[in-house]
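Just the one chain here, laid out as structure tokens, in the form predicted on its own.
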Amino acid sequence: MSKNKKEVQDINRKATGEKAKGRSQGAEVWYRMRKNKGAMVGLVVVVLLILLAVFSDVIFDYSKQIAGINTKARLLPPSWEHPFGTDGKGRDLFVRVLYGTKYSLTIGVVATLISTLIAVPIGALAGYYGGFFENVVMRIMDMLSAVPFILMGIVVVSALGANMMNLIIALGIVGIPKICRMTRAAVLTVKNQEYIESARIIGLKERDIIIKHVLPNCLSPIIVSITLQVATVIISASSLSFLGLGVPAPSPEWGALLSAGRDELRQHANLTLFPGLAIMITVLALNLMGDGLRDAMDPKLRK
């Protein structure tokens, strides 16, 4: 009888979004996310990639990969000794692809962090105050959004110069409109709620209301948007590096590896296959994790 009662309570909780008794909000999100197999697979892959990026210098002796050309080991096919084969200079492609995780994830995370630190305050103020300030902010975001993501990145990198830091700055700038719009939309949904009105009535400062009451209740869509933005930035960084406007050689950024292997595509497809798979797996894992977070943080979206 108690088992049936518990099942009914679980069903009601799923339908209403009510938290389990005695369970914190973070624990409830984790409880829902664990039930999403795709999200957990994405989370495991992302955690492994982060560990690989953090400890890449410990795992690999990358100095051997930039020491020079090994003509005896040029363009070898995949084998036990070289699982991904070797490139045109005799360097182990397996090591270069795995070590490239450090570059691609760093670019994705730092550029998204720059976008977030700029876009969230601006979007929150625009959504909360509205009026003339909101119109000005949103028209600026419209102008930035009118230029394609990659094209804006090309313009900024071309102006600043092609290196990793300038690539991060460029992608951080072009990522602002999306997060700003998401933040504004989230703030608009909560700024007229009763608890916000109560905070105004008791005399809290506008700044405190935004920081302590508005933004904390907008975190769910913002966090999901940030997670998905990292995937978009990684693709864009790889695209710019492929065009020669990203991380310069001999750094093994995945887009640069794709660019280096395109001349040998017909005879040695492994040179582009494995960097491409690395990009695909990373982006897919981030998207799966982002979708899982969205469902876990907003139970109304669950089927």
Partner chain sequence: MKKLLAILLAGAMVLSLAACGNQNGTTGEAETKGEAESNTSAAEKTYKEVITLGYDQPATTLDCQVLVNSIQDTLYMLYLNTLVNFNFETKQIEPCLATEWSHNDDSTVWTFKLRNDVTFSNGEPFTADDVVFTVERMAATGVSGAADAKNVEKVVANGDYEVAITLIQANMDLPYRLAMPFWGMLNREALEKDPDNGYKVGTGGWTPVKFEPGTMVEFDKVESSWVWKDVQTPTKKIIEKTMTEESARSIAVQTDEIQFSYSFNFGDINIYDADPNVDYSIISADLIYYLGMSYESEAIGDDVNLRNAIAYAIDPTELMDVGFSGKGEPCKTFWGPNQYGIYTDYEQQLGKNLDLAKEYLAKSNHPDGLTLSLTTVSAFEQMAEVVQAQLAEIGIEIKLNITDAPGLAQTVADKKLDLLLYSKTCGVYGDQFRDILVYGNTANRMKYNNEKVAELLDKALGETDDATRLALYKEVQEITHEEMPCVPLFYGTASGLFRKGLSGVIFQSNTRHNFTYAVCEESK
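Numbering follows the first chain given and starts at 1. Everything numeric in this text was worked out from a predicted model, so none of it was measured.
Separately, the form predicted in complex with its partner chain exists; it is not shown, and the next lines address it.
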Quiz prompt | Interface stretch in the predicted bound form with its partner chain - options 117 to 125, 72 to 80, 102 to 110, 211 to 219, non-hydrogen atom within 4.5 Å | solution = 72 to 80
Quiz prompt | Position in contact with its partner chain when the complex is considered in the predicted bound form, options V47, V54, A249, I59, heavy atoms within 4.5 Å | solution = A249
Exercise. Report whether the minimum heavy atom distance between V29 and its partner chain in the predicted bound form is within 4.5 Å.
Key: no
Practice problem: State yes or no: in the predicted bound form, is some non-hydrogen atom of R34 no more than 4.5 angstroms from a non-hydrogen atom of its partner chain? | Solution: no
Quiz item: At the 4.5 Å heavy atom threshold, is R91 in contact with its partner chain in the predicted bound form?
Solution: yes
Self-check item: its partner chain contact in the predicted bound form: A260, any heavy atom under 4.5 Å
Solution: yes
Quiz item: Quick check: do S198, A199 and E206 each get a heavy atom within 4.5 Å of its partner chain in the predicted bound form?
Solution: no
Quiz item: Which residues, if any, of 272 to 295 lie within 4.5 Å of its partner chain in the predicted bound form when only heavy atoms count?
Solution: L273, F274, L277, M280, L284, L288
